[in-house]
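Have a look below at one chain only, the form predicted on its own, in C-alpha cells format.
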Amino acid sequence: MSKIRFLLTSLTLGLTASFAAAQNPTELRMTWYDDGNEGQVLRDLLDRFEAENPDISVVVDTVPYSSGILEALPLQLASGQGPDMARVTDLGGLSEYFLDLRPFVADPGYWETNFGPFLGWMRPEGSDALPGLMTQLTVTGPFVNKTLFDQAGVALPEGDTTWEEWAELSRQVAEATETFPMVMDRSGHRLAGPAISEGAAFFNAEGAPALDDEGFRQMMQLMTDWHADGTMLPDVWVGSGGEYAAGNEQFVNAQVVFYMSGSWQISQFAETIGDAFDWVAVPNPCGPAGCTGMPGGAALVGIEGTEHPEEVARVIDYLATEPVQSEFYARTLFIPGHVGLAESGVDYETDSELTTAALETFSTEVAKLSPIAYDLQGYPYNRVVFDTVRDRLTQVFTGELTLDDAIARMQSDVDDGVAEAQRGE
C-alpha cells in the first residue's frame, strides 16, 4: 500500500507540476519587424510551437524597422535591456550581444550544414557560435513598372544594361507618363552594389575600408547628377529627415518608373500592388566591374542577456527545422537562407506570374554577386561604412558639401567609427 501511495503521490505531483507549467509558462519576448506578411506567418508557427510546448509562451513585439531595429534595439542591447530574441539586419555589428545556441540545440551539425554560409556574418571573430538563423536571404536589385514602359512605347532592355542606360530609359518613360524616373532606398547598403559594379573596391590590400577610388567616385557622381537633374526622386534621400528611408510607397503608387531596392519587397508588392500594374524585377545594372547587387538578409537571433537561454534555443531550434523553414519561405515568398531548401527548391504559395518571375530573377542574381559584395556584407563594421556614405552623400545633394569634401569625410568617419568600435570590444 505504501508503494502504491508513493506512486500516486508522485503522479499527482507530476501532473500538478505540468499543470502549473502550462498555467504559468516561461514568457519570452521577441523583437520583430515586417517587410511583408512574415510576422503573421511567424505567429502561426509559434502558436503551433506553444501548443506542443505549453511551458513556453512567446510574445512578439513588432516594431518599425528604422526606429525600432536600427535605432532603439542597439541601445537596448548595450544597456542590457534587450529582449530574449530579435530579428536583426546588422549581423556583424551586433554580434557581441548574440547568444550562442550551440550548447542547447539538438543537432549542431544540422545547423552547420544548412546555415553554415551565413553563420560567419553573425559570429564574433574567431568564434564557432550558432547565434541564430536567417529569416530571409536577400539580394539587392531593381524593380520597374512595366506598365509605364508599355504606355510610353519604350521596350524593356534585354541583356546587360548599364546604370546610365537605365537612367536614360527611365527618363524617357517618365516624361511620357508624367512620373519620376528613378528612386533608390536611402541606404548605403543599397548603393554599395552599384558602386562595386562601377569598380569600387571598398577595402585596401590590408583589408581596411578604403573608399576613395575611381569606381566609388563614379557611382557617387552619378547619384549626385541624378539628384541634381531630377532623374532621382528627391523625397527619399533629401526629404527623409536624415535616417533610413525606402522608396517602396512611391513605387506602389506608380509614381516612379525604376526602383532600386531588393528581394524582400516581393511579398509586399504581391499584396499591395497585386495586378494593379505589371511590376517586374530586372537584373542588376552593369558597370565596368560587373553587374552585382549586395547580399544580405535578416536573422532571428537569441540575445545573450536572456534569463532563459534553454527556452530561447528550443524556440529557435524548432523554427530552424526544415519542414518549418519550408513552410515559412513558401508563405512569405522569401529567398531561403537554408542550404537544403535552396538546393531542393521551395514550392511558393502564389498564383501570381509576376511574383514567380520576380523570385526567379532574384534567385538568378545570387550567382552574379561580387566577392567584394560578400566581403562587405560580412565585414563586422559595415554599418559604419553604409551610414556615413548615405549621410555624407546626402550633404552633397543638399549643397552642404562638395563631392570631394564628402568622400574625404566619409573616409575620416569610417576610420574614426571603426577605431571607436574596436576600442569598445
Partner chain sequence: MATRAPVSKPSKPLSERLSGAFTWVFELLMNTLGLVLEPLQRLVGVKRMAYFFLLPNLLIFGVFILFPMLLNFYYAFTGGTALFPQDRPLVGAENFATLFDCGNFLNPNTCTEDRFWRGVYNTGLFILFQVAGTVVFALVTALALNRKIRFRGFFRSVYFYPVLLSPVVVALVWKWILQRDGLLNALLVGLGGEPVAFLLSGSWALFWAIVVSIWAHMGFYTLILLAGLQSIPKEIYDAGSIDGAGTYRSFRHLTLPLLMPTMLVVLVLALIRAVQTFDEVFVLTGGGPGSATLLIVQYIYTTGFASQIQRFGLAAAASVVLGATLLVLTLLQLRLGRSERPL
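Numbering follows the first chain given and starts at 1. Just so it is clear, the model here is predicted, and its values are computed rather than measured.
Note that the form predicted together with its partner chain isn't included here; everything after this is about it.
Selected contact from 65, 374, 49, 381, since only one has a non-hydrogen atom within 4.5 angstroms of its partner chain in the predicted complex: Partner contact (heavy atom, 4.5 Å) among the options: 381.
Selected contact from 350, 224, 344, 240, since only one has a non-hydrogen atom within 4.5 angstroms of its partner chain in the predicted complex: Filtering the options by heavy-atom distance leaves 240.
Touches its partner chain in the predicted complex: residue 325 (any heavy atom, 4.5 Å): No, residue 325 sits far enough from its partner chain in the predicted complex that none of its heavy atoms falls within 4.5 Å.
Contact label in the predicted complex: residue 25 to its partner chain, heavy atom within 4.5 Å: Flag for residue 25 set to no.
4.5 angstroms heavy atom contact with its partner chain in the predicted complex for residue 361: No, residue 361 is distant from the partner.
Close approach of residue 40 to its partner chain in the predicted complex, 4.5 Å, heavy atom: Although its partner chain is absent here, residue 40 would stay clear of it in the predicted complex, with no heavy atoms inside 4.5 Å.
Interface segment, criterion being heavy atoms within 4.5 Å of its partner chain in the predicted complex, picked from 291-299, 334-342, 156-164, 88-96: Careful reading of the contacts points to 88-96.
Candidate site 180, 235 and 400: all three near its partner chain in the predicted complex by heavy atom within 4.5 Å: Yes.
Residues from 59-98 in contact with its partner chain (non-hydrogen atom within 4.5 Å) in the predicted complex: 71, 74, 75, 78, 79, 90, 93 sit within 4.5 Å of the partner.
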